[in-house]
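Okay, so here's just one chain, in structure tokens, the form predicted alone.
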Amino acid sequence: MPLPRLLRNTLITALVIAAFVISYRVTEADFPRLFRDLPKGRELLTAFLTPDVFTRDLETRTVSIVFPVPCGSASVEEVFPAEGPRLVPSVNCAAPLEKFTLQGFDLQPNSEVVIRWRLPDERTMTAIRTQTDANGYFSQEVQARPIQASVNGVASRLEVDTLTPVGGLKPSQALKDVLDNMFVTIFMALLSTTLATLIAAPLSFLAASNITRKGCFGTGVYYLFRSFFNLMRSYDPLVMATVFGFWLSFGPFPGFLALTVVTIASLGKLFSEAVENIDPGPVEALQATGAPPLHTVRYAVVPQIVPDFVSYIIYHWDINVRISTIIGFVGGGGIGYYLNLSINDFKWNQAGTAIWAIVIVVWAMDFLSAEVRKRLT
């Protein structure tokens, strides 16, 4: 191998290795951490894998005791019932932030338990959630909150709600909300794709070199619309959604407009390239007969591009369903907005329901678009 070529290949290899090393450093990659921190993500992954799809009605039963915080702020119950549903704390009162053990006896078996504080002014503050066993028993460590002292001799109380499922399974509220928002996403993508097609299709002929790029005026028109498509494609849908969101307030309409603008540019470029790749034979034949430009486009160009146009439209509808999910994170409405709210509220099971709905719809759209494209080719 000649020396200059060897030096060039060595330099290129060194630059590639340096690029990967820099990339590894700037991304602060730490792959062993994935396994070290796996316990932290276990609850999250479990919630995503168990979406909130079906539910049952809950029967709620409440048991409470007086529990002053701090001690001395009100009288306490020194004698607790010996039988029946009851709560037994390890201490009768506590100082703020002091920890104690709360036990429950003879409650509803195998039920979710919500432990909360009932403040003297009747406000409530949830402390912790746990579960009763088959005998209706639970034991949980609780930390006394620095809550309001007694008001007119009324002390704070510890309340325990037992939530027992009753009746048969039925669709959960999360599933209903996800379906409603998923329909918004699908039809937002459909409407934006349709409007973008109506605008991009005629403009694409002006950006096709074999149709427009003839003479000074035609060349100027060609570069103008080609530059327009390239410029609009450079803006990310999230940026456009944010702009329209601040302009028109957040919701499905700004998301629809953002998708439309981006889709016009993308389809316009794809359409123009499809026009440029047609067989020039029919065009030249019609031009030789003296047919006007509109007739040439109508009878020589359109029949060749219809299959490609339809394929691109369906494929972009599929793409827009996915993009509209991300747009929802910046207030663009639809399933993405619901997913964002669920994550912000730490409702992981509801977020899992939304994620699985997105997966199913994207899979179905991909299958549909592939079948349609296959039939058109």
Partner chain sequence: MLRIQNVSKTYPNGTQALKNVSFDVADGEFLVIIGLSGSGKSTLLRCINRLIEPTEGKIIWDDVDITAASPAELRKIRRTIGMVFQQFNLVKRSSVLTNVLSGRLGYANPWTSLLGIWPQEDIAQAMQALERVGIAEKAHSRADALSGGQQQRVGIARALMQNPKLILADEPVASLDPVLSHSILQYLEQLNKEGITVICSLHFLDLVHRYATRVVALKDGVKVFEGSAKEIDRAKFKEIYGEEAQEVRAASL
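Numbering follows the first chain given and starts at 1. No experiment lies behind these values; they were computed from the predicted model shown.
Just so you know, the form predicted in complex with its partner chain exists too; it's not on screen, but the next bit is about it.
Checked against its partner chain in the predicted complex, the residues Ala288, Cys216, Leu231, Ala134 give one hit for a heavy atom within 4.5 Å, which is Ala288. A heavy atom within 4.5 Å of its partner chain in the predicted complex is found for one listed residue only; from Arg86, Lys170, Lys99, Arg298, this is Arg298. Remark: of stretches 91-99, 249-257, 275-283, 159-167, the one touching its partner chain in the predicted complex is 275-283 (heavy atom within 4.5 Å). In the predicted complex, at least one heavy atom of Leu294 sits within 4.5 Å of its partner chain. When its partner chain is considered in the predicted complex, Val306 lines it closely, a heavy atom lying within 4.5 Å.
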